[in-house]
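The data below hold one chain only, encoded as structure tokens and taken in the form predicted alone.
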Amino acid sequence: MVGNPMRLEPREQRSLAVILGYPLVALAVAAAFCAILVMFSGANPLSVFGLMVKGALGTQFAFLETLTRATPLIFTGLAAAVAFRAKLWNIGGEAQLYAGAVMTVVFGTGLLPLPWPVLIPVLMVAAMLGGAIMLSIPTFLKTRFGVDEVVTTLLINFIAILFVSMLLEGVLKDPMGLGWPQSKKVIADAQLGKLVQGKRLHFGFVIALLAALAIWVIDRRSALGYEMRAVGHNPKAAAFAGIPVNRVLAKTALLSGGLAGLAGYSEVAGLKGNLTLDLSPGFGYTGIVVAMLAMLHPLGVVAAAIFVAAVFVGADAMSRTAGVPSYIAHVMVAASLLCMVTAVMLTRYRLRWR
């Protein structure tokens, strides 16, 4: 028999050139692949990519729209990164986002007559609590009964959407909404201000940046961060060393779900003003892509979220000008993810030929 001529072996040391070089090469390969697809569509790749960059970053309006689109992706990307670091496979970012949005609407439409310096933090905590509960349920099922959290967190997304639909047709429906399934608008004291007057970018983006910095500190400078990494690397070894694995997973679920809940709070209080069934066009799922592109690094999540948002915003502008379908953005993000996963593997392992 002839054995496999190629095998993978772990790298004992990883140089800075390897850590940075492979991801950059991965993005270049993804761009080349997408350029071929653009050529098949009958357009000039350089012209299309130029229009995308201009549409995402070329003007103040475009740049601010990119940051606006990136804001919920930072929250959901952080949520996925935190959970994945501990090998808690959180696929339920959509459910947690909508849970945070529901809590924001319930308490932010006049139920709590508080001034804005108090009301906004209260709403943030309420949104985080809603998202945390949505992830704590699958985590409990995992730790207590061994139920696969991939299945439970994925299915709970559909349950949450149907539940929100029921609320918007029932107790949360705006009586002044002309029959549309939407909630009342949150009161003025509950809304996040705009960073630039007359534009859509709001202070939720600042909160997202602070959240990324806080998660980096927790990950690298706290006992909880060490415990999450230890459980993620080897839960049996972590338990042998005295780390309470189930308790760490419960804390991870609270933190991860809370971050995704903040995405719902940010979209309602900072951008939309009320809750609708199309509040999220898939931010929870895209956050997983963002986390993987960032290699689960909290600060890298910010850059990855801006990159993904720029691709989508730029593709919308490009499709109107060049006549190329905007779905090319989804292909670019997917190709970038596949190439990045391969690059991450090659930074940890090297190919050896027998």
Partner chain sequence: RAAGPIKTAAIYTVPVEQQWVSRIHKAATIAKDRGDIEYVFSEKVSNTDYERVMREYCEAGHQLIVGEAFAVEDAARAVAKDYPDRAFLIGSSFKPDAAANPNFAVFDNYIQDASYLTGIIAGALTKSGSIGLVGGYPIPEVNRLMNAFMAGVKESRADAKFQVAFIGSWFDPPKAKETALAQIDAGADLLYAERFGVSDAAKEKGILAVGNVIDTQADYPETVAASALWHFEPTLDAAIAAVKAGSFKADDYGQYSFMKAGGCSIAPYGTFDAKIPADVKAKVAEKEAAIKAGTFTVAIDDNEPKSS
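Quick caveat: nothing in here was measured; it's all calculated off a predicted structure. Residue numbers count along the first chain shown, from 1.
There is also a form predicted together with its partner chain; it is not shown, and the following applies to it.
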| property | result |
| --- | --- |
| One stretch from 252-260, 103-111, 125-133, 170-178 that, in the predicted bound form, holds residues within 4.5 Å of its partner chain by heavy atom | 170-178 |
| Touches its partner chain in the predicted bound form: residue 118 (any heavy atom, 4.5 Å) | no |
| Close approach of residue 185 to its partner chain in the predicted bound form, 4.5 Å, heavy atom | yes |
| Residue 313, heavy atom within 4.5 angstroms of its partner chain in the predicted bound form | yes |
| Interface membership of residue 94, its partner chain in the predicted bound form, 4.5 Å heavy atom rule | no |
| Residues in 314-353 with any heavy atom within 4.5 Å of its partner chain in the predicted bound form | 316, 317, 320, 326, 327 |
